[in-house]
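In structure tokens, one chain follows: the form predicted alone.
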């Protein structure tokens, strides 16, 4: 056990595409929620050394100063390593000196900022705000406080978006000099405003061209493409996310959070009233040995470097080729085996789900 995810479901505004558990910020709910969060952590956490904490949402930065202080006091329970990666999700509009005071005092050393796009039409569809000059000034405040490990989110394949628009977004992101960029092709999820309004996807061909454009431009600007949707400057890969992709165990605390501990995968309730009443768990399933190997395969192949075949053998006592039809897919050049690593052919990353289906 190395990682902890904390879900803060409160927002000052609900975005049109978001299907994560969230509600508008109401003071009375927040106080009760944080008390329930403390109870869940006390009930479940076994005192392991933690190498990464990720506070996501929702919008954790929507909390008031009093609420933030309460949250960080609760999170002091975790036995953090000296170099623990401590990430806090922030909306750019929420960045001010007071917020920075609190996250720095709380131990945060990495932030993730949901920009998504700078294009007015894209922002209108997503119901987001992003102003380049404002964000540039906010990032300067962060860096002046010693927080230089900064992830920026980019969303693409938005209805009506052109590749020329995407290129402008990428150029502006690069001018902001983040250490990490996470990219997301828009998914129109059930129960979101986009779905209710019958929003349609752009063509698969344009989506593919946009993905290739992102990979090409970011790699040419010094970013390592280390996972399907993630790019980092050398030394700034997300430790927290790598734990997921390495099929490591992790705690998930909060509304709708998921966790993986002692071969059990669990998901918390998405009902705020149930959570506040301390009825935390929605599902909890014990994985079979085969389930664990399947997860190792599906998650590990999201990494561009793939799976260490020797580590797979040590971990599961079986050769990966004896469990999965990898030889056939290597012959078809869907998979590549090199330097003891098995990975998806970089030319076929975009269709990785089809390759995973063949394997499983």
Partner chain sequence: MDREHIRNFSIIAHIDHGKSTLADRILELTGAVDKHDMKDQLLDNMDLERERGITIKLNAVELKYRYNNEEYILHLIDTPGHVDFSYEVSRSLAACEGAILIVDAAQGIEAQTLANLYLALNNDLIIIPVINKIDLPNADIPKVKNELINILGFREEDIILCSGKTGEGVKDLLDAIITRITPPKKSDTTETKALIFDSYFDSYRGVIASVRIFSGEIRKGERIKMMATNAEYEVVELGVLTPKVKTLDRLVEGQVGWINASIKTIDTVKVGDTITTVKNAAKEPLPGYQPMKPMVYSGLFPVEPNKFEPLKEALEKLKLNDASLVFEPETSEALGFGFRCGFLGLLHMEIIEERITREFGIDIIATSPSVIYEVLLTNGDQIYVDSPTKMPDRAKIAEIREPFITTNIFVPAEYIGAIMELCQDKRGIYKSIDYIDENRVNIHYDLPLSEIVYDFFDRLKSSTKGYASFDYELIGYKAQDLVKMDILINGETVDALSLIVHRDFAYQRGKKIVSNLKDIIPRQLFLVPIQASIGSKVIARESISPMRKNVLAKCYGGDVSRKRKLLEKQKEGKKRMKMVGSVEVPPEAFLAVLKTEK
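Everything numeric in this text was worked out from a predicted model, so none of it was measured. Positions refer to the first chain, counted from 1.
Note that the form predicted in complex with its partner chain isn't included here; everything after this is about it.
- Here is the short version: of 163, 141, 276, 228, the single residue with a heavy atom within 4.5 Å of its partner chain in the predicted bound form is 228.
- In terms of contact with its partner chain in the predicted bound form, the residue from 205, 262, 83, 198 that brings a heavy atom within 4.5 Å is 205.
- Not one of 24, 67 and 127 is positioned with any heavy atom within 4.5 Å of its partner chain in the predicted bound form.
- Figure note: of the listed segments 96 to 104, 186 to 194, 117 to 125, 166 to 174, the one touching its partner chain in the predicted bound form, with heavy atoms no more than 4.5 Å away, is 186 to 194.
- Put simply, residue 244 is close to its partner chain in the predicted bound form: some heavy atom of it is within 4.5 Å.
- At least one heavy atom of residue 20 is located within 4.5 Å of its partner chain in the predicted bound form.
- Contact annotation for residue 233: none of its heavy atoms lies within 4.5 Å of its partner chain in the predicted bound form.
- Among residues of the shown chain, residue 350 is one whose heavy atoms approach its partner chain to within 4.5 Å in the predicted bound form.
- Within 4.5 angstroms of its partner chain in the predicted bound form, the stretch 334 to 358 places a non-hydrogen atom from each of 334, 349, 350, 351, 352, 353, 354, 355, 356, 357, 358, taken in sequence order.
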